[in-house]
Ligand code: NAD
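Heads up, the chain below is alone and in the form predicted alone; it's given as structure tokens.
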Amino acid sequence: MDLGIAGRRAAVAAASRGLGFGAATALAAAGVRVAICARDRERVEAAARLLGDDAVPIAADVGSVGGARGFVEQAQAALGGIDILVTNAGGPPPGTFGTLDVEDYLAAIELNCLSVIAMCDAAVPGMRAQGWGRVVAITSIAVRQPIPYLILSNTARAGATGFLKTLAGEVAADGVTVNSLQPGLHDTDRVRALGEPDTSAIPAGTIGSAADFGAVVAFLCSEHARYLTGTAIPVDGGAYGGLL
């Protein structure tokens, strides 16, 4: 299916591997010029080579407000503007209310909430001015169903979701859509680091792949999805059991 976005320009954060790389791969396959970032320059350059000659590697740490904004600004300069923004970042460490300090929450909120706000603040005004844009945020199924021992991620990503929903209503009339995807278990380094995944509660019977996830990102960025905004969509093989 032609997604209608060939020639568009995308900035995909934290995309040297995992879900970010899956998103960048799907967008590049649709003819989108992609700028990606990671903290490690060699790793992001290697990932860009896999994406093709037009991919732009940027060494940046989007876990801070300054780094997040800096990535978008460098992507804008390299691509001549941004039509598509995919926000993404690693997750904070595990812990519980009893084992964590308030300072831990501050770092997590900058990593998984304020970084999203900073990237949108840098990219969305240009999208509004040109009358077309797509923002897709990678959050977590924890927004709908908090995950035990991940209280920092549960808290920060819920805040980002509230921001994105509000932003979607403010910019929809300007041709800009804002959606978030809530991944469940996928075959990524982050999931493997947390232990062997339990697939018994996943109706699909398996964990997802980065390619599966990337295809959903690309569709949300397409012309076909122009009337879809303000959503937060689980991508979890049916594991989330709630009605809403």
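Being a predicted model, the structure only gives us computed values, none of them experimental. Numbers for residues come from their place in the sequence shown, where the first is 1.
The form predicted in complex with the ligand is left out here; the points below concern that form.
Participant: The ligand isn't shown here, but in the model of the complex, which of 61 to 69, 197 to 205, 25 to 33, 172 to 180 has heavy atoms within 4.5 Å of it?
Facilitator: Comparing against the ligand in the model of the complex, the contact stretch is 61 to 69.
Participant: For the three residues 133, 220 and 230, which mark the spot I'm curious about, does each lie within 4.5 Å of the ligand in the model of the complex through at least one heavy atom?
Facilitator: The answer is no; none of 133, 220 and 230 reaches the ligand.
Participant: Can you work out which of 146, 81, 159, 91 has a heavy atom no more than 4.5 Å from the ligand in the model of the complex?
Facilitator: Among 146, 81, 159, 91, a heavy atom within 4.5 Å of the ligand in the model of the complex occurs only for 91.
Participant: Counting non-hydrogen atoms within 4.5 angstroms of the ligand in the model of the complex, say which of 75, 108, 138, 123 makes the cut.
Facilitator: It is 138 that has a heavy atom within 4.5 Å of the partner.
Participant: Using the partner position in the model of the complex, report whether residue 57 sits within 4.5 Å of the ligand, counting heavy atoms only.
Facilitator: Result no; residue 57 lies far from the ligand in the model of the complex.
Participant: Although the ligand is absent from this view, report whether residue 17 comes within 4.5 Å of it in the model of the complex, heavy atoms only.
Facilitator: Although the ligand is absent here, residue 17 would touch it in the model of the complex, with heavy atoms inside 4.5 Å.
Participant: Does residue 184 reach the ligand in the model of the complex, with heavy atoms at most 4.5 Å apart?
Facilitator: Yes, contact at 4.5 Å.
Participant: Is residue 191 part of the interface with the ligand in the model of the complex - any heavy atom within 4.5 Å?
Facilitator: The answer is yes: residue 191 has a heavy atom within 4.5 Å of the ligand.
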